[in-house]
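Coming up is one lone chain in structure tokens, specifically the form predicted alone.
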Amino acid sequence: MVVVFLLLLLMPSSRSATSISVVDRNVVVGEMGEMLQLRKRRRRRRGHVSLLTCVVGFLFLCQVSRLAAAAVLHRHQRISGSAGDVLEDNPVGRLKVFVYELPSKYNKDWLEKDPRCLTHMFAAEEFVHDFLLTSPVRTHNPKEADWFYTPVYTTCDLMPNGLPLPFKSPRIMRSAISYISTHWPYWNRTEGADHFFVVPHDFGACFHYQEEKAIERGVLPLLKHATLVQTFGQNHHVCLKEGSIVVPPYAPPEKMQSRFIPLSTPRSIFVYFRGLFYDVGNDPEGGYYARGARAAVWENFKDNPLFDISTQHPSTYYEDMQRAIFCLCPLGWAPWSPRLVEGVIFGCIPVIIADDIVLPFADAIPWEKIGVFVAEKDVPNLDKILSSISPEQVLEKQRLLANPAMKQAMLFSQPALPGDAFHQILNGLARKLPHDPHIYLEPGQMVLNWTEGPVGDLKPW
């Protein structure tokens, strides 16, 4: 502590608008010392934490506090360039969507059976359906439609623990496509090339929660020409279909928005994470889950006082994120998680640990400017990587994260609001127009094989 205190006193003072007094620095040091003592009491130390790491962390936190003290009330920074323009696009008037009316067994019956479908991270399919029913882009005249939407709830068959069972999903989807193709002429003229589906499973339309099984299945063959709105995004992966619109997972807007704390609250936590490090139930040997990245975080930093990491999920989780500078967003079984959404909403810089990830609305959100990307192999150096980022860079990322348009784009708002996730989906669809004339087939040109796929998928539903 003495070394750190002396180093802080030796830091050159500035008369710029971002400077604070030596007394204020002492307060910051006191707060940080208190925080570290609490962290030490909360977990038994196992291993030695480098003094240099602690010093760098202290200096970093104090520098950020020094800059942020005069910038608490700063105006948000508009995102410049094409990303900002796309973020603020208005899709209304640029496309028309026809919503198929399906028997309720494909959607609402599932929801009545288990309302938990509206609260889990895959709930986008229900909310997109409700949004489109009243959206100004909806048309009741299919002849003028640019896009056709089939409302199928493929993640609403839940286990007792609330997780979706994907085993019926391919049969439900095949049945729904058979229904629309026999009751309307529009699927048959393009084999679905002007249709879109919401498939928020862990691995999208591969319809399996285990990656090796999902890869083995591949995307449901009947969807090969359609556009998928999916949460799964990883480059060079069979379950990310070319041309897909990658969206954020559902996170409850009202719940998060009710937990904001004052903007002036100091960010006294350097790195924050709550979640699994090992999935013992599904990965007994501990080497496959998260490709070992989460295990590496725990083994390297469980005793580092600059890292507030735990498997416990406290009632103050949202408040804690607002007190943190960096929030870890490591891959799990899939590369994404709701932490991406939470980090943006609460202004906690997302540290994205997921090689080859394709992020939500990547043409509208400048993830490289607001986040930090760390390769999975570099996790053991996470402390050095994060402490090497200058306070000025941190403040720049925080300014961009403060942009209300950025936050709105990550939420499926109830009711819908301009620029929210619903509108970003419509923006994605609008940017795919006009359709290539070659998608419209001549009679006899149909090439889809309705019997293609695993034998179990061919059973009637």
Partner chain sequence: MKKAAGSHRPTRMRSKNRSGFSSDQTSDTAFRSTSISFFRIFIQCMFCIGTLIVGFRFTREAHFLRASFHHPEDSFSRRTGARMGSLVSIGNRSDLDLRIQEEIANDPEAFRLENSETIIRSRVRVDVGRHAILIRPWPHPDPFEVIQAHHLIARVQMEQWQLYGSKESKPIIAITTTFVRSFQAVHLTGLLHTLSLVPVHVTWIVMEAGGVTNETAYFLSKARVHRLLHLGFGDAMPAGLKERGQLEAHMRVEGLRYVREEKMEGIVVFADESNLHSLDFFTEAQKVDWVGALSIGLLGFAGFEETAQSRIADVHQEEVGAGRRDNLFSRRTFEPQVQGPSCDSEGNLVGWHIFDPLPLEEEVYTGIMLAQNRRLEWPNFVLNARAVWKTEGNQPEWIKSWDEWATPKDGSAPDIKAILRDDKQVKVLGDCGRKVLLWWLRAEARADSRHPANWVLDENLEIIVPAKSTPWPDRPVRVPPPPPPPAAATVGTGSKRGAGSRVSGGKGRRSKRRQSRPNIS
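Computed from a predicted model, the values in this text were never measured in an experiment. Numbering follows the first chain given and starts at 1.
Another form exists, predicted in complex with the partner chain; not displayed. Remarks below refer to it.
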### Task
Specify the contacting stretch among 246-254, 305-313, 174-182, 118-126, defined as having any heavy atom within 4.5 Å of the partner chain in the model of the complex.
305-313
### Query
Pick from Ile345, Ile325, Cys329, Cys156: which has a non-hydrogen atom within 4.5 Å of the partner chain in the model of the complex?
Ile325
### Of Leu165, Leu133, Ala362, Val92, the one that lies within 4.5 Å of the partner chain in the model of the complex (heavy atoms)
Leu165
### Message
Even though the partner isn't displayed, in the model of the complex is Trp147 close enough to the partner chain, meaning a heavy atom within 4.5 Å?
### Response
no
### Message
Under a 4.5 Å heavy atom criterion, is Arg291 part of the interface with the partner chain in the model of the complex?
### Response
yes
### Query
Trp110: heavy atom within 4.5 Å of the partner chain in the model of the complex?
no
### Interface membership of Lys377, the partner chain in the model of the complex, 4.5 Å heavy atom rule
yes
#### Entry: Residues from 255-283 in contact with the partner chain (non-hydrogen atom within 4.5 Å) in the model of the complex
Leu263, Ser264, Thr265, Pro266, Arg267, Ser268, Phe270, Tyr278, Gly281, Asn282
